[in-house]
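Just one chain follows, in the form predicted on its own, and it is written as structure tokens.
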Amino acid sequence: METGELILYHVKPGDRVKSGQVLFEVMTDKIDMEVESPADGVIEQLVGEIGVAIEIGKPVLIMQTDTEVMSFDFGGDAPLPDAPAPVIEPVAVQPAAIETPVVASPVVIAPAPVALPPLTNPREIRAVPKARAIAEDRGIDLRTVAPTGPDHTITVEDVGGNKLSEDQIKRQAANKALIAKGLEMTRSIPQISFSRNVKSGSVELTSVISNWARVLRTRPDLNISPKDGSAVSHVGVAVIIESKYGSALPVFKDPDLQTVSELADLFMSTAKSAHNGKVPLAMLSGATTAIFDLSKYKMNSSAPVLFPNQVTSLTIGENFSGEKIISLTIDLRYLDFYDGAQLLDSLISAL
């Protein structure tokens, strides 16, 4: 897609909009697409002209945001904690894939407590060439570095190759404060968690994504809209994927209606993009549930966090015996104890 024809505005200057509210519609050669607002704010100016083809990346409208936008990078620095009266710059909303900076976890490169025997073949450790060069120059044993790249590959960031600027560090602090504030909202939700141990071979992430969507499709009352809490016809599975910035949350729409190979290809391409901080615009909304995979860290699954307007959430963990642990958290305003237990049992049976 190189251009899109602007066919309809749903807002006008001066309108106050909420995150997820449809702003405008674009017609491409393949599909008509609704573009949603990435944040709460006020429409300042309509830039695009109805009926005119607009190049990807050109502004369509300008809005003032009420808060920092963590899931998008529109340019400029986010306001910092304790900063005096920040001036919020206009935000240009574009009908295109938008880079997604998310909160980065600090990189810890720990030296081995004891001398490690030499590797027979150093190439046994997955690492990008530049990371190998940096590690050799700095005397870092790659066996002591936790990989964050795809397929457990050590990246440049893992060996401290790309240092964050002071401004970036401050922006991350501001974003962390926003995330903490958002998670505080979940404490008021009456919830309970269930866990089951399952054979490792039966738990593959794309299989969990597909089967969990299939289970939830039998309970349409659990698939609710983040806009108003009403039931929706689709199942949107947000998968928390590790990226070089921290975490990204692409949403897979109706994954149970895709073939195994289609979903696997989509997941691999999305994970690769998310690792680099980019998620397509169409995959940044519509989540009705979430999955967090901790299994590669050999961690027991913790109680999943319920995101606002999501009734269920899953975490996949793994113990040192190789058993996978799947945990389900439910909102007790929509489900009772037995409903939750039955949902988890249905998922385990499907796997």
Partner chain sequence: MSDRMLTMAEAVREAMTIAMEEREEVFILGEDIGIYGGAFGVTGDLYHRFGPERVLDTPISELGIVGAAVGAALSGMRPIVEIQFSDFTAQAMDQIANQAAKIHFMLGGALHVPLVLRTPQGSGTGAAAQHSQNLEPWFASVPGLKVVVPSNPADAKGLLLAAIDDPNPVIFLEHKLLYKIPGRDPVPEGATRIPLGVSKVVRTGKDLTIVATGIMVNKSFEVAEKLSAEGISIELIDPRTISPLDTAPIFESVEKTGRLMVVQEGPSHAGYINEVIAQVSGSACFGNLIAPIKRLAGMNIPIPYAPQLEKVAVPQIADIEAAAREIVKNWR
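Residue numbers count along the first chain shown, from 1. C-alpha atoms forming the largest set that superposes within 1.5 Å between two forms make up the rigid core. No experiment lies behind these values; they were computed from the predicted model shown.
We do not show the form predicted in complex with the partner chain, though everything after this point is about it.
Chemist: Quick one: of Gly229, Pro150, Pro280, Pro220, which gets a non-hydrogen atom within 4.5 angstroms of the partner chain in the predicted complex?
Modeler: After the contact test, the surviving option is Pro150.
Chemist: Of the options Val251, Ile240, Val156, Ile189, which one has a non-hydrogen atom that comes within 4.5 Å of the partner chain in the predicted complex?
Modeler: It is Val156 that has a heavy atom within 4.5 Å of the partner.
Chemist: Applying a 4.5 Å heavy atom distance criterion, does Gly139 contact the partner chain in the predicted complex?
Modeler: Gly139: no, not in contact with the partner chain in the predicted complex.
Chemist: Would Arg143 sit within 4.5 Å of the partner chain in the predicted complex, counting heavy atoms only?
Modeler: Result no; Arg143 lies far from the partner chain in the predicted complex.
Chemist: Is there a heavy atom of Lys298 no more than 4.5 Å from a heavy atom of the partner chain in the predicted complex?
Modeler: Contact check for Lys298: yes, within 4.5 Å of the partner chain in the predicted complex.
Chemist: If we define contact as a non-hydrogen atom of the residue within 4.5 angstroms of the partner, is Lys130 a contact of the partner chain in the predicted complex?
Modeler: Judged by the heavy-atom cut-off of 4.5 Å, Lys130 is in contact with the partner chain in the predicted complex.
Chemist: Using a rigid core alignment, state whether the CA of Thr153 is displaced by 2 Å or more between this form and the one not shown.
Modeler: Thr153 C-alpha, core-superposed: shift of 2 Å or more.
Chemist: Relative to what is shown, are the Cα atoms of Pro147 and Ser327 closer or farther apart in the predicted complex, where the gap shifts by 3 Å or more?
Modeler: Farther is correct, given that in the predicted complex the C-alpha spacing of Pro147 to Ser327 is increased by at least 3 Å.
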